[in-house]
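One chain comes next, on its own, written as C-alpha cells: the form predicted alone.
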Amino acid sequence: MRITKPQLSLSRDNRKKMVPYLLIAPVIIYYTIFWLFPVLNAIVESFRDVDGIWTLGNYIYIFKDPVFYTALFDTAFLVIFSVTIEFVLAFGLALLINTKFKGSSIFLFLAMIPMALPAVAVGAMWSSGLATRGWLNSFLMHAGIIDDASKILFLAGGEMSRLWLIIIIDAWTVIPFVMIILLAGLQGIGADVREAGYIFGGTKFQVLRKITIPMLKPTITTAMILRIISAIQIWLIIVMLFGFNRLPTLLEQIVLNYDELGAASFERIGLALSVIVAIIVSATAILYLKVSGSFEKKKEQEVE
C-alpha cells in the first residue's frame, strides 16, 4: 500500500504533538511512583488500626486530644501574624532595594544570609543566644545596657510571649525569601509604566497602589502561598528553643506520643494527623486564592 503525502504529513503532525507528552512522561512517572502512591497509601492506612481493620479511631483520638486544639491555635496564630508582618516588611525592603540606592547590592547580600541557614542552625544559634548566659545577654552586658543581676530571661515567658518570640525569629529567617520573590516581580515591571503614572499626575503612593501592586499581584500570590505553607510547617525551631510540647504546633504533634501509644498506633495516628495537616494547608491556600480574586481572574481569562 502506498502512503500518500497528506497521510505522511498527518503522521508527522501526530508525532510532533506527542513530543511534549513524551518529555514530561518521566516527571509524571517519577511523581506517580514516589509521591502519588505514598500519599494514597498514607490516606488509606490512616483509616486502619494495628490489625488492619477499617476504623475512624485514629482521627477520633486526635480530635479528643486537647493538645491538638492548642497546637491548632498556636499554628493559626503564627501563620496569621508572621505571614502578615513578614510580607509588609519584605515588601518594604523590596521597594527600597528596587530603588537601587548606593550600596543596595551589599545590603541585598547581607539580607540574604539568614535565608541560607537551615532551620537546625537557626534553632541552635538562637537557643544559645537567648539562654540566660547566652551571647545576647553577654552583648547587652558588655554594651552596658544591663548588668549581671538584671539578665533578661528570654525563654521564660508565657505562651503569648513565646509565640511572639518565634514570630520575630521566623521573620529574621524568612523575610529575605519573601523579599527576593517580590523584588523579582518589581524588577519585571518596566520603569516606563510607573513614569506614565507620574506624568498623569499620580503621587508615589497612588502609583504604588493603583499600578505597581495590581501588576505585582501574581507574584504576591505566589509569595504568600509559599509563605503560608512554610509557616504551617514550622516546628523544629520551636522544639530547639523550648523543647517538645511547651509550645505545641501541628507538625510537632506528629512526632510525639511514641512511647505512650507504641510504634504501630503511633504510625497510623501520625498518618491521620498528616492527612489533617495536608487538608488544612490545601484549604488555606484555596481560601487565600479565593480572597485574593485569583479564581475570578482565571474565569475572566477563560471567557476572553
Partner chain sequence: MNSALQRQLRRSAKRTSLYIVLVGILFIIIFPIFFLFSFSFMSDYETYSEWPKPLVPSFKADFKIDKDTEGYHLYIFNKSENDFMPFGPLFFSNSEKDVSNLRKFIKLQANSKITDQKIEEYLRIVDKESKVEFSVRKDLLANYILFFQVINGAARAVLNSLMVAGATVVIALTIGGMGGYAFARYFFKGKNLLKLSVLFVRMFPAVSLAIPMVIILARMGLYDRPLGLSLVYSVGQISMSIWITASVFMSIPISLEEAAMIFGTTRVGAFWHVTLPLALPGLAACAMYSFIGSWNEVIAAVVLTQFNPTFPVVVYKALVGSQGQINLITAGSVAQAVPAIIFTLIIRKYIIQMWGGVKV
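Being a predicted model, the structure only gives us computed values, none of them experimental. Residue numbers count along the first chain shown, from 1.
Quick note: we don't show the form predicted in complex with the partner chain, though the next part is all about it.
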Evaluate residue 267 for contact with the partner chain in the predicted bound form, applying a 4.5 angstroms cut-off between non-hydrogen atoms, and reply yes or no. yes
Determine whether any heavy atom of residue 113 comes within 4.5 Å of a heavy atom of the partner chain in the predicted bound form, and answer yes or no. yes
Is there a heavy atom of residue 53 no more than 4.5 Å from a heavy atom of the partner chain in the predicted bound form? no
Although the partner isn't part of this model, could you tell me whether residue 39 comes within 4.5 Å of the partner chain in the predicted bound form, counting any heavy atom of the residue? yes
Taking 4.5 Å between heavy atoms as the contact cutoff, choose which of 125, 72, 163, 155 touches the partner chain in the predicted bound form. 125
Interface residue in the predicted bound form among 88, 96, 80, 145, criterion: non-hydrogen atom within 4.5 angstroms of the partner chain: 96
Any residue of 130 to 147 with a heavy atom within 4.5 Å of the partner chain in the predicted bound form counts; write them all down in order. 132, 133, 134, 135, 136, 137, 138, 139, 141, 142
